[in-house]
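Just one chain follows, in the form predicted alone, and it is written as structure tokens.
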């Protein structure tokens, strides 16, 4: 037992510091593991041949992941195109228009939406979204459009939660000053509140992009997994995450190293997006 209060405080402090640093340690170990496994192929094949290569055939010595990089960004921006307006609109309603009872109902519902497993979203996409696209728009249904719709729904909790916090954090004096100048409620929201919360809203969009580009199971189920760059919203595609998940179970040798190289590229993209989002949040604060 530690009887000295000062020593006890120091002991608790260093225990908490150790737990805090452990998360950074895990992140560092994961990054180093993926980097250690993926770099040998970059050295052997060449960075340009992997990043800009258009053909993925590991058993024949082709490790190009450019179509998957492009497809990942297409899906991500498609999800953002669908999810960002919906999420921001919901956040505005929650922060500016909804009453206390409605807010108490909607907030837990949004948190529940965030807890639904991705495989459930994928299942709903296969059962409902894919047939609707196939029957009323065209194509096989397993497409960029279907994937963007599902991911757009999946990123809603992230966008709504962070945007809501940003809007609520805008001082009430901003609104009161706008009302005093004769502005309507919507004019106040559009001209005053949204610009004041701009950095936080942008951060929510970027974190939503990170969520979308890192999604795997739902994407595998509805994307179609075609190894080419989609030229239409009705074309199938394969993302970086889908490529890893589909082939890692049976990959060996250079094929396995190629999947780890894919993971390195994906990890760097997500880290860049998170850094940009954190920078935006710090600017807001």
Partner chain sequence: MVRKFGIIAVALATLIISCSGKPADRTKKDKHTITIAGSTSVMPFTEKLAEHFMIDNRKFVIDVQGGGSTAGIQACLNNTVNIGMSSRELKEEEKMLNTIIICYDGITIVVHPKNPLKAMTLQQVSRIFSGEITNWNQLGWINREIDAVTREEGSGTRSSFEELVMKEREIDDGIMVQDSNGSVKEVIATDPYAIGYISLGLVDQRVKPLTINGVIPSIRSIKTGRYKIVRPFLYVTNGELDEDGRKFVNFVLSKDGQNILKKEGLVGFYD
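Residue numbers count along the first chain shown, from 1. Quick caveat: nothing in here was measured; it's all calculated off a predicted structure. Note that the rigid core is defined as the largest set of C-alphas that superpose within 1.5 Å between two forms.
Keep in mind that the form predicted in complex with the partner chain is missing from the display, and what follows is about it.
Q: Exactly one of 233, 227, 51, 39 has a non-hydrogen atom within 4.5 Å of the partner chain in the predicted complex; which residue is it?
A: Of 233, 227, 51, 39, the residue with a heavy atom within 4.5 Å of the partner chain in the predicted complex is 227.
Q: Heavy atoms within 4.5 Å of the partner chain in the predicted complex: which stretch in 167-175, 140-148, 198-206, 70-78 meets that?
A: Heavy-atom contact with the partner occurs in 140-148.
Q: In the predicted complex, does residue 57 have a heavy atom within 4.5 Å of the partner chain?
A: Looking in the predicted complex, residue contacts with the partner chain include residue 57, since a heavy atom lies within 4.5 Å.
Q: Does residue 45 reach the partner chain in the predicted complex if we count a contact as any heavy atom within 4.5 Å?
A: Outside the cut-off, so no.
Q: Using 4.5 Å between non-hydrogen atoms, is residue 247 touching the partner chain in the predicted complex?
A: Residue-level check for residue 247: yes, a contact with the partner chain.
Q: Is it the case that residue 103, even though its partner is missing from this view, gets within 4.5 Å of the partner chain in the predicted complex, heavy atoms only?
A: Flag for residue 103 set to no.
Q: Under a superposition restricted to the rigid core, does residue 12 display a Cα displacement of 2 angstroms or more between this form and the one not shown?
A: The answer is yes, as the C-alpha of residue 12 shifts between this form and the one not shown by 2 Å or more after core alignment.
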